[in-house]
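As structure tokens, one chain now follows by itself in the form predicted on its own.
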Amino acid sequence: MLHPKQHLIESFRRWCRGRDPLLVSCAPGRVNLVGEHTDYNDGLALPMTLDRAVYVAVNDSLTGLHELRSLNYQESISCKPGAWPEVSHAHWATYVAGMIQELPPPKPVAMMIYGDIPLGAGLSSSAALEMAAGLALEKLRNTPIDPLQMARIGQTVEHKYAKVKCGIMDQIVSRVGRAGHALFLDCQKLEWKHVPIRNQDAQFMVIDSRVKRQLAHSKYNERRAECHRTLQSIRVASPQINSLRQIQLPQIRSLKESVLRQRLQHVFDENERVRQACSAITDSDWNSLGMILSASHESLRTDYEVSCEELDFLVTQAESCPGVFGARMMGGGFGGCSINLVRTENAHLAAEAVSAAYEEKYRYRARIHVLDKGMEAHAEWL
């Protein structure tokens, strides 16, 4: 089986009638170990990269149009430079066209995209697509772009074109994440630290529920709006507070609306769980890290209310398996994946047991991904 990069290059040649790409870039997807729905609240997060990525191959277009093709969707889109393709905001081409709008190349491009990140699973395929396209455009423009600035541009594309009011975590980790490390990310200061993961005795395992979710059409934006409303409510009495990162327990208790108290309680507790998880990883304390993951899931299920029946089932089943330290739902919610911390020697049996139980209940198999060391974003001329 061909490596995704080689598959992309050979497909590009066929698409462009024998022409090779000038360059190929890639950017990885991510899992978030803990720190969910904290990034857009100026909080803390602890993501790591996957060993799965989005790859982009580029050459100059010979038609005078930007020509975009997705191998995953087997679809081609074209548009004039400066114009917008006739696609919806949830379409794959939105992310590429948005990056092209924000980073116009010197000439029209022929750009082919291929990725092996499961789509719609909460593994940040969209952020990886933005960063891979951005790296390719950076090369073509021959002007270095600071990684944080690149991440900001990707976030702008999400907000402006895809209509998802996401935070910046996914773009940052896709752009600057290191293999074999988690990324301790402060989303208020936009500073990060690489944290080595020495996990010979334990592995992270992602279980894809295969319940697809479209963040812009789900309650994701509603949760962000609730957080904004919470902040505005608190600022009436404490105008010096600029983000939920500054909230303390007395201010949580002062909120009259119970739903807003729940949302804020999750954000407050989740930031502390990130700090605890960072220490647990540094100490290779897998029991503590597992308990942190499970506590995060319970908070996401009850306080933030972004889980779903299938994710709850996956977590419960995993936690009942020998060797599983802890599990939680991951990503924006309402579908997608769970992340599980499991003793290496028990990983295979745990995966089989959870998958079998899920298939028996829901009549289709969950997809299992045992994580390797991850990978790093890069671009190279061919």
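Just so it is clear, the structure is predicted and the values come from calculations on it, not from any experiment. Numbering starts at 1 and runs along the sequence shown.
Separately, the form predicted in complex with a small molecule exists; it is not shown, and the next lines address it.
Heavy atoms within 4.5 Å of the small molecule in the model of the complex are found in one stretch of 316-324, 50-58, 337-345, 30-38, which is 30-38.
Taking non-hydrogen atoms only, D170 approaches the small molecule to within 4.5 angstroms in the model of the complex. The small molecule in the model of the complex comes within 4.5 Å of a heavy atom belonging to Y220. Although the partner is absent from this view, G43 stays clear of the small molecule in the model of the complex, with no non-hydrogen atom inside 4.5 angstroms. Residue contact with the small molecule in the model of the complex: A280 places no heavy atom within 4.5 Å of it. Of the residues C166, V274, I153, L264, just one reaches the small molecule in the model of the complex with a heavy atom at 4.5 Å or closer; this is C166.
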